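Okay, here we've got a single chain as structure tokens, the form predicted alone, with questions on binding and movement later.
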Amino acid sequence: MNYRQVSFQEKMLELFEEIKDEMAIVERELQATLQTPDPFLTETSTHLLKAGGKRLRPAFSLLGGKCANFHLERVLPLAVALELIHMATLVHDDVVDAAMTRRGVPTIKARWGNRISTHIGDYLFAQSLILIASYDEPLIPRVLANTSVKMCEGEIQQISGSFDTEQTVKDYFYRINRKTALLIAASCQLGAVACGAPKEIHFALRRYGHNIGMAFQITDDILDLVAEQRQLGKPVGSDLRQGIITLPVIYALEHSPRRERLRTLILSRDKNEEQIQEAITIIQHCGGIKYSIEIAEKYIWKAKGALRNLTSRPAKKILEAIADFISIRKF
């Protein structure tokens, strides 16, 4: 199948064929975890779940487990907890960003307001803690606790750095490592840990997850500038509208002959469509997109290198295929 003719969701379903039965069980367990005697709490907490999603983090935990002595019952609580943590961040993000739709449906914020959204995000995270507490292996709660703290640091850094055109590449990497890469790294690593993998295996999977997470976020940031709106499911240039400074923008601010005009456009808090398109054109013409693609490719190369010494099995091949797909995906 040609990668460029399918959506990200469709390609992931194809790549996850090996774990489709386990993923179906994860989905059922997610639903069961969020069923409560309170109809309103059940409705609000399952709202985002029903909108669908890629379920990347649970999938990575299953694939990590399949690189070791896989038993679904050992990974299942972790897989569900990882998705709940991710969902909690999305619910809170929608409050911060005043987002009215996600995955094509109204957000919890849009349906029930900020107060309910904030508490639902907290509730989802608290439910994940119950699941994580079921593990005797201390590395699992320790890694997830540290990851959760760093994810908050990344979010706060993004908010405090909004419209800051003095940000550096180092600042950007700090942010996306915490916002995206760390939870993917933990997912890959801890799935293997839950199945008794030795350090050399779960450390290799953590390195893979970190590099995949970095490449995934850089690619997302590129697509925000070059994909079509119908492919993204949100307006092109959303990051520019919110003052979020991404890698292509940082490169353009350093190298474009029109860097001062770009700076002026970024600093405007009320950009119109014409200004967004002008900013995107400046970024593209100076090589900001090309540079960012090259950086993402380096992370992909490092991710595949991390798998080199793992025993050859179907899960390893899937992880390699995911890396290849992320490197060429269009949306």
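Residue positions are given as counts along the sequence shown, with the first one as 1. Quick caveat, the model's predicted, so the values are computed rather than measured.
This next part talks about the form predicted together with another copy of the chain, which is not shown.
Picking from 72 to 80, 217 to 225, 159 to 167, 191 to 199 the stretch near another copy of the chain in the predicted complex, with a 4.5 Å limit on heavy atoms, gives 159 to 167.
For the residues Arg175, His210, His92, His86, the 4.5 Å heavy atom test against another copy of the chain in the predicted complex is passed only by His92. Here is the short version: of Gln127, Thr246, Ser256, Thr180, the single residue with a heavy atom within 4.5 Å of another copy of the chain in the predicted complex is Gln127. Among heavy atoms of Leu41, some come within 4.5 Å of another copy of the chain in the predicted complex. Of the heavy atoms in Phe203, none are within 4.5 Å of another copy of the chain in the predicted complex. Shown alone here, Arg115 lies within 4.5 Å of another copy of the chain in the predicted complex, counting heavy atoms only. Shown alone here, Arg142 lies within 4.5 Å of another copy of the chain in the predicted complex, counting heavy atoms only.
Residues from 120 to 140 that approach another copy of the chain in the predicted complex with a non-hydrogen atom closer than or equal to 4.5 Å are Ile120, Asp122, Tyr123, Phe125, Ala126, Gln127, Leu129, Ile130, Ala133, Ser134, Tyr135, Asp136, in the order they occur in the chain.
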